[in-house]
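Both blocks below hold the same protein chain, though in two forms, and each is given as structure tokens: structure 1 and structure 2.
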Structure 1
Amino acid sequence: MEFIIETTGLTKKYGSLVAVDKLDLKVEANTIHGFLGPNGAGKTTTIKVLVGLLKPDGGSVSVLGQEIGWDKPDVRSRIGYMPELPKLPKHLKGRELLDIYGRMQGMTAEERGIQIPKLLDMVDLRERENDLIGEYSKGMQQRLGLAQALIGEPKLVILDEPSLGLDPGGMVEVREIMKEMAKEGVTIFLSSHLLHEVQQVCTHVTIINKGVVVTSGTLKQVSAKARGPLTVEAEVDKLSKAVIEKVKELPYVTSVIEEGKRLSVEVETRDDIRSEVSQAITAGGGIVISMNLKGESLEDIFMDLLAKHKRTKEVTK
């Protein structure tokens, strides 16, 4: 298995504060890998180490198969990085910025001539390309921040909160761009607070807390590690005792609570068993009006794993 990012025992301290604590992180090639954690978990610090802005205090860091040393720019030629709320030089015009950054990437005039208009079109800034960045709105600066991360056709794109400051339409566009890039073989490492965004675009996820990996794997693997039970909530017409009995007969059901027309079915498995529950309701003579699964969303998993991690740390103490 090829790992685009691999850290072993990565440690970063700010004085006495340990921001990243022996972090072991593995990001597979050609994936969209979500990087989650509460504020102060060490996400941005980890990212800054990956792109050479911070020097680790311990451990090893390998990106695209190369050890990240201090001030070794060669590795960065294949990394695109969009910082959180990117601060771009306001004295430059949008196109000038991409041209200068393209030169810094080592792109020829011909390559820049082809790629820059494409990127400006992609982030919808073509009409404002000759305006100073200082005159751009926050959303426009965010979009230009994304464009500058993609210049030079990187193999790995690291995005730190790319949807911050974007309107809903812009957020959808950013997700589509990420999916398109992934199809083209670009690995995306995405740090985001928007868990539904991560759930929509990511194939893999790593959750960290206080500089330590809580869990990592595919979305399904991470979901399986969450301890909390899944609950199927259904609104049922013609809800009767027969319906409840039929549902209780399902092998993985641990409890069934009836509230008016609402039925809450707690199950032991983390598989999606909505179809089985639906069939049992129908077999009991009920009619399913709506149904949803609680505890399956990344938000639920995230909260559950963080709570579990906190308890483990308290026990260790």
Structure 2
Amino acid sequence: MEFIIETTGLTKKYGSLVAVDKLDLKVEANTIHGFLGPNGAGKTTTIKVLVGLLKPDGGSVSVLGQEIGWDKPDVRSRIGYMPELPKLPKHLKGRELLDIYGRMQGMTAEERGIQIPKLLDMVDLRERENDLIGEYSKGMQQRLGLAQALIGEPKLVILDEPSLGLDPGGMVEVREIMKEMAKEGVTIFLSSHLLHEVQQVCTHVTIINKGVVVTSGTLKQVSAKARGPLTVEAEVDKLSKAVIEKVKELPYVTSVIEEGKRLSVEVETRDDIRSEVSQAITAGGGIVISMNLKGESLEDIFMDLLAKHKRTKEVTK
């Protein structure tokens, strides 16, 4: 298994404040890895260490198979990076900005002439490439920031809150761009507080709190570590005792609560069993109008694991 990012005992302090506390982090190649945590958890500090903007106070940091350091600009040049709320020069045109970044990467004029149009097409800015950045909307500036992070065809792209401040349409656009980047073989390390967005785009997740890892793994692995049961909530037409009895017959159902046309079905598995519940409702003569699974969202899991981590810290004090 190839790790694009690997830290061991990574520590970063600001005076007496420990922002990152012996952090062990592994990011597999060819994944979209979400990096989550509450405000002040140490996400941005970790990212700044990974891209060489901050020097760690302890531990080791390996990126793209090499230990990163201030004396290794060749490693840092192979990392694409978009900071939180990138401040792009408004007096430049979109294409001009990408051309400047291409020159900084050491790309030839021919290489820039090939890659820049492709990036502008990817972020849907080809028709606005000669407009001033100051005339771009926030969403367009975020998309241009993603394009500059891809200059030089990096194998790793690190994004700090790429959807911050965007409207729902802009979030969808950024999400689709990230998926397109992943198809091109780019590993994406994504820090975000928008858990719904992360759940829709990421394959792996690491949750940190107060500078330490709470949990890490695939979305399914992280979900399995969450406490508490799942609840299937269904709106049912022709709800009857026969429907309820059929649902209760399912082996993993622990309780069924009826409220009007709604059923709340608590189960003792963390697998998505909506199809089985739907089939039981149909077998009892009911008709499913709508159905959702409560307790399986990344937000539910995030809050549950943070609460568990807090309790553990309090016990060990």
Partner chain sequence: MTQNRLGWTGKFLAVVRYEILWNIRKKKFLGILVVAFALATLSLAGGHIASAITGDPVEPNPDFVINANVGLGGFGFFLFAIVTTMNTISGEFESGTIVPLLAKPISRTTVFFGKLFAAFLTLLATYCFLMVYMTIGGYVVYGPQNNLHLVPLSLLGALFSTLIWIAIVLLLGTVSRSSLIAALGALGIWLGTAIIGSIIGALAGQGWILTYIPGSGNTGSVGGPPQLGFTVTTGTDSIGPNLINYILHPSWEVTYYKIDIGGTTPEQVQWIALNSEPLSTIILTSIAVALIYFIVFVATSWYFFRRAQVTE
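Here the rigid core means the biggest group of C-alpha atoms that line up within 1.5 Å when the two forms are laid on top of each other. Predicted model only: the values in this text are computed from it and were never measured. All residue numbers here follow the sequence of structure 1, with the first residue given the number 1.
query = Does structure 1 or structure 2 depict the form predicted together with its partner chain?
reply = It is structure 1; that copy is the form predicted together with its partner chain.
key: residue 142 C-alpha moves between structures 1 and 2 by 2 Å or more, core aligned   = Yes, shifts by 2 Å or more.
query = With both forms fit on the core, has residue 82 moved 2 Å or more by CA between structures 1 and 2?
reply = It does not, since the residue 82 C-alpha is displaced less than 2 Å between structures 1 and 2 after the core fit.
ask   = What is the rotation of the smaller rigid part with respect to the larger, given in whole degrees, between structures 1 and 2?
value = In whole degrees, the smaller rigid segment turns 14.
task = Superpose the two forms on the rigid core, then give the C-alpha shift of residue 116 between structures 1 and 2 in Å.
result = A shift of 3.1 Å at the C-alpha.
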